[in-house]
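Let's start with one chain on its own, the form predicted on its own, as structure tokens.
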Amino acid sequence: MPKRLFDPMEHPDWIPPQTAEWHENLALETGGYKYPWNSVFDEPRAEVIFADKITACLRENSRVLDVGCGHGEFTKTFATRSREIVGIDVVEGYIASAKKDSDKSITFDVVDADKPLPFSNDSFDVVYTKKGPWLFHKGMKEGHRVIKPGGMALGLYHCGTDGGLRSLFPGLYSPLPDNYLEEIKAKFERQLSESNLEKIELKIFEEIEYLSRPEDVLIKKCFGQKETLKEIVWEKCLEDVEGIFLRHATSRGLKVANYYALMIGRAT
């Protein structure tokens, strides 16, 4: 049985990912939602797949809303493909980074997507989120208020990482539940069906990634955590992780699988 490694999630300084505190710490340390580990991918990457889906919905005169835009790097890829893009995020540090070198067709604003949005009715032809808030949950009105009839709503969500990673590094990574992907699909099927959107597509898929170095296993785990906790994890885990990594890595690095959910619906 593989040695059980130190579990940083049991440390009192662990910040639950995707919480307000986690985002504020990430914005303070890096200025954006940027993956800091080194890796290479099999193509196409999840973000490329999502960008292609968004692009297929755009027209020259489209108005687009990016919900939870982070530091705006992904948002800016559509600057020349539509008339206007608005990126919103609740984290001020992310928006400050997004506004740097921004195209004139893009506006970035600090907006809490859980509250009434500062946009008029039928404002946008396309509303999308990449790992951010989904405006079309059951009972929510703002998404349907600001999207035009016939407008497209798209969401991409990271649903975990495995591909052998969790069995190789027990403790550092916890096993996923049995039937995990089936449960994830059922969750997003339900979410899309309750969104009062015409279902266009729902897809659960994996993205293959190769972590380049042993340190990248730890960086991936501690993404968004404070430096003080990272120092503890490195001290307790790095030597063991190095040995495991060298035994199992391919010529491209350590192969892992990232799971994603893609949702696309049309406003009625």
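Residue indices: 1-based, along the sequence shown. Just so it is clear, the structure is predicted and the values come from calculations on it, not from any experiment.
The same protein has a further form, the form predicted in complex with a small molecule, not shown here; the description that follows concerns it.
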| property | result |
| --- | --- |
| 4.5 Å heavy atom contact with the small molecule in the predicted bound form for all of 126, 149 and 197 | no |
| Partner proximity in the predicted bound form: residue 250 to the small molecule, non-hydrogen atom cutoff 4.5 Å | no |
| Contact test in the predicted bound form: residue 130 vs the small molecule, heavy atoms, 4.5 Å | yes |
| 4.5 Å heavy atom contact, residue 182 and the small molecule in the predicted bound form | no |
| Interface membership of residue 101, the small molecule in the predicted bound form, 4.5 Å heavy atom rule | no |
| Segment assignment from 141 to 149, 91 to 99, 159 to 167, 184 to 192: heavy atom within 4.5 Å of the small molecule in the predicted bound form | 91 to 99 |
| Residue among 86, 172, 111, 154 with a heavy atom within 4.5 Å of the small molecule in the predicted bound form | 111 |
